[in-house]
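A single chain comes next, written as structure tokens; it is the form predicted alone.
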Amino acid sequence: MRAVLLTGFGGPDQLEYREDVPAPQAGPGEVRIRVAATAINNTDIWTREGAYGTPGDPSGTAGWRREPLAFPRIQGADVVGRIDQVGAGVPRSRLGERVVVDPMLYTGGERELVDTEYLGSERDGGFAEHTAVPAENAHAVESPLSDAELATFPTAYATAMRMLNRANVGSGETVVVTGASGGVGSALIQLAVLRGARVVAVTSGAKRERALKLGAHEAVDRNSPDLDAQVGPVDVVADVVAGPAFPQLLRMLAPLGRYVVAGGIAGPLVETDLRTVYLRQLQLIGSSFGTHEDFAQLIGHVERGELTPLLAGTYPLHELREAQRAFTAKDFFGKLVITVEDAA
């Protein structure tokens, strides 16, 4: 089959397009999917770069579990396609089913989520013609959206759902969303609005109007020198950026406010005055990938047509290097997607 192999940690040159990769087979309890579309995530870039550090060395090279990664690996977590093979124990009636894949490959409760395998990281993913996953991770979906549009949802929206659930965001609360033009940020806007929250989007001036059209009640320039005074006080900060703005983000929280973080695009190593945390009795909440329950909740929103897919562009499989370069440039709003059927 055609696939793009990640051959080691490093730059886009570590991605190798090939047409002679053995196709996976569905094992017991698994299904094989003929991939139609797979979205690109920050995790793909950070995994390729080995940018997660190790427990003893923040600058160390490792995968997202902060462990060595096995190469070659086929990346791509956000898979949409149709089941074309079922393993033992899976009903043949599932053949031909249109599915969206939950990329978190764990069993048990949410504690297991922390050490889970992730599709495209510990197991081959969707930057290929076929991928195989546990049958329960392949969610049948009824939707008029295109395959590429559906592929914009899995990781970004499940991550956003997890953040809002972890922070227990409720109706009437004010939520600040950083990185509002990215995949998780734009998902946070939509999902928080669905809960009845008031959303303040932090983004570039050029992308302000897009955030407002998506449902944000207010949008502020991320480069404002007095960001905390301009925005606060608020109930929740949902952050994927961190970096130098971290102290400001904490200062904009009202007493008993919650800060939930699922990324550090602007820098993962931060400093703050801990007196801000304990004197104002703030909660600092770590969050990463969504649980299976979060994903099922997300699929419900998708099937009811309650979410807007933000498809910024598509690339054929053999142009994955170029697509990842475009992704890191961040000159778009929403998600970039690889459409496998267009590969040549």
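Start at 1 with the first residue shown and count on from there. Remember, it's a predicted structure, so these values are computed and weren't measured experimentally.
Keep in mind the form predicted together with a further copy of the same chain is missing from the figure; the text below concerns it.
Figure note: of the listed segments 27-35, 287-295, 314-322, 300-308, the one touching a further copy of the same chain in the predicted complex, with heavy atoms no more than 4.5 Å away, is 287-295. Within 4.5 Å of some heavy atom of a further copy of the same chain in the predicted complex lies at least one heavy atom of residue 110.
Shown alone here, residue 214 lies farther than 4.5 Å from a further copy of the same chain in the predicted complex, counting heavy atoms only.
Put simply, residue 72 is far from a further copy of the same chain in the predicted complex: not one heavy atom of it is within 4.5 Å. Taking the partner from the other structure, a further copy of the same chain in the predicted complex has a heavy atom within 4.5 Å of a heavy atom of residue 282. Contact with a further copy of the same chain in the predicted complex, defined as a heavy atom within 4.5 Å, is made by none of 126, 141 and 148. Just one of 194, 269, 88, 229 comes within 4.5 Å of a further copy of the same chain in the predicted complex, counting any heavy atom, and that one is 269. The partner is not shown here, but in the predicted complex the stretch 249-275 reaches within 4.5 angstroms of a further copy of the same chain through a heavy atom at 251, 255, 256, 259, 261, 262, 263, 264, 268, 269, 270, 271, 272, 273, 274, 275.
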